[in-house]
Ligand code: UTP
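Let's start with one chain on its own, the form predicted alone, as structure tokens.
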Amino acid sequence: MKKIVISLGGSVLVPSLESNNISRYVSVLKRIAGECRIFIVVGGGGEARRYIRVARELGAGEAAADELGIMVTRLNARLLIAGLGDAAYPRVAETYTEAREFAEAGKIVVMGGITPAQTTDAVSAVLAESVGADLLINATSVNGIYSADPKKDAGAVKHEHLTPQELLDIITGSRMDAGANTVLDIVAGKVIERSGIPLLVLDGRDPENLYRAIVEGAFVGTIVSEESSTPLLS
């Protein structure tokens, strides 16, 4: 059975506790789990940034702020596991070894952050390499990778396809402080380059986009791979 790692942005899953999209995602993820093995890495989203902001105001350094952010990603992961019920392994994986072990149960494996100064996108890239995934998906708050931030630059152009090196060229110089919200961090880009695992970046604000991409092979987004066209799993 194909293996897919999904980096599920906190900004789309839990923009805030009150406006979370967990229930919407649960139904879609359960349907996808019937077609392939899935691993999910959950981001911190708005709640993590709130904690990080307050920590800085209290004089905490970046390392301490990172640790808080990791805690929040794991809380978000716990909420997703609660929503998935029996479809998910009941514990949040805190290491890549645990993720591989939990997957032996045949259930959805969910994890959050692991290492300070790394985003959950980096965690998902390393996880994809660790489990030998066939595809890595980054479900985020935009519908692909752009030449500039489309929320700030009306002239930004969406890339349909990038090589791993072209992706690295785009993300080089991105901010790396706690809570940074960039398309991907440099660690994720480097791991994608060395692993050769194709990456699909798509709009995660509609959970059905995941189902359409994985099960039906229909998507709007950006593919990162050495090949100009990457066959998906349908």
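A residue's number is simply how far along the shown sequence it sits, counting from 1. Quick caveat, the model's predicted, so the values are computed rather than measured.
Below: the form predicted together with the named molecule, not depicted.
Chemist: Since the partner isn't included here, can you check whether the named molecule sits close to all of Gly10, Gly44 and Thr119 in the predicted bound form (heavy atom within 4.5 Å for each)?
Modeler: Verified in the predicted bound form; spot residues all in contact, yes.
Chemist: Looking at Ile197, Leu200, Leu167, Ile52 here, can you tell me which has any non-hydrogen atom within 4.5 angstroms of the named molecule in the predicted bound form?
Modeler: Result of the distance check: Ile52.
Chemist: Using heavy atoms only and a 4.5 Å cut-off, determine which of Ile114, Ala133, Ala88, Val92 is in contact with the named molecule in the predicted bound form.
Modeler: Contact check passes for Ile114.
Chemist: Tell me, please, which stretch of 63 to 71, 187 to 195, 201 to 209, 30 to 38 lies within 4.5 angstroms of the named molecule in the predicted bound form when heavy atoms are compared?
Modeler: Of the stretches listed, the one contacting the partner is 63 to 71.
Chemist: Do Val123 and the named molecule share at least one heavy atom pair within 4.5 Å in the predicted bound form?
Modeler: Although the named molecule is absent here, Val123 would touch it in the predicted bound form, with heavy atoms inside 4.5 Å.
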